Ligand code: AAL
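Below sits a lone chain in structure tokens, taken as the form predicted on its own.
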């Protein structure tokens, strides 16, 4: 009988992976994956991330934010907005950034009240402006780079959400081109481009759509947003976002289009979408592949992801306070040659900076350590402290308070 019981215990423990673990897991966390049976959580800790501890993970960071100097917002009345900054480049002895700029008589009024001068949304009736800086903190606004073209050219209603490509000595600004006020047709718009011989312009509009909307019934049939170009594997890799799956809660994912020439033709990758989350996702070359800061929206929001081939992304870290619509300083965005060094700073935006009634966005600076070239322990902490006021700002709304009140009444009257 004892032999039978012993055999059963050995069989049971072997089947569940206990037999080879004669001792408990080491007190000192091994840097390399131990040769032992482990739980799925511990397997994941070694297989899914670049290091078993966040502070040793090159794609983990905290984010620090700084108010910028040099930008006026008209007292926060909602008439001036700056948002969606491009990647930052360094040229002519200074940093350059491009962004969506709105200066309208009123704050956004919604699709039902908009007209040729009243915007429907924060990104309606916009032009693309640019600014320069010598230190990345104080900026000097230089004015318009790409104005809205005359009707019926692509973007006659609004040009927004731009990003920069430098290729063979020329400069290319890609952007969304609206042909109708945002909110009237589901924000559908294609990608347009302008080009110049200098980052200061003048910019020549191509006046053609360079990335078309998808065919009817496809995931990107309406929206081709947030164009984000790089030179990678001797091609132009342009990542973009689309909104799909219907109202009122849209699904947002990221796609990829590739070309041999900045003006196209662009071919969409057959595996699109290549990232299944993210609203204003920001990419940068890292080692031999591409990394992505996946903000907001989707099962994998608030993650940094990595794809060795630029296509098949996996979660590399889970982070908090990711910058929205990050425009990073990416020195090797156009010549990484399989040796991407990562990023340490950039600009991002905060929407509804003075509340939703007078909706406008402001630009701010973020800093981080997602770089192979620095080691900043203060950016690698994974314990975060927020004062009570931070939590109170995330309070219940009136509908939720009413629900709780009714639940309490039901319990009392039982």
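Numbering follows the first chain given and starts at 1. A quick note: this is a predicted structure, and the numbers were derived from the prediction, not measured.
If you look for the form predicted in complex with the named molecule, you will not find it shown, but the lines that follow are about it.
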The stretch from 203 to 211, 313 to 321, 218 to 226, 127 to 135 that lies within 4.5 Å of the named molecule in the model of the complex, judged by heavy atoms, is 218 to 226
Partner-free chain; cross-checking the named molecule in the model of the complex, the single residue of 99, 174, 240, 178 with a heavy atom within 4.5 Å is 178
Of 266, 123, 284, 232, the only residue with a heavy atom within 4.5 Å of the named molecule in the model of the complex is 123
- Wondering, does residue 148 line up within 4.5 Å of the named molecule in the model of the complex on heavy atoms? no
Item to check | Distance check, residue 161 to the named molecule in the model of the complex, heavy atom within 4.5 Å | outcome: yes
* Asked: Might residue 296 be said to contact the named molecule in the model of the complex, defining contact as any heavy atom within 4.5 Å?
  -> yes
In the model of the complex, is there a heavy atom of the named molecule that lies within 4.5 Å of any heavy atom of residue 187, even though the partner is absent here? yes
Taking the named molecule in the model of the complex and a 4.5 Å non-hydrogen atom cutoff, the residues of 271 to 307 making contact are 279, 280, 296
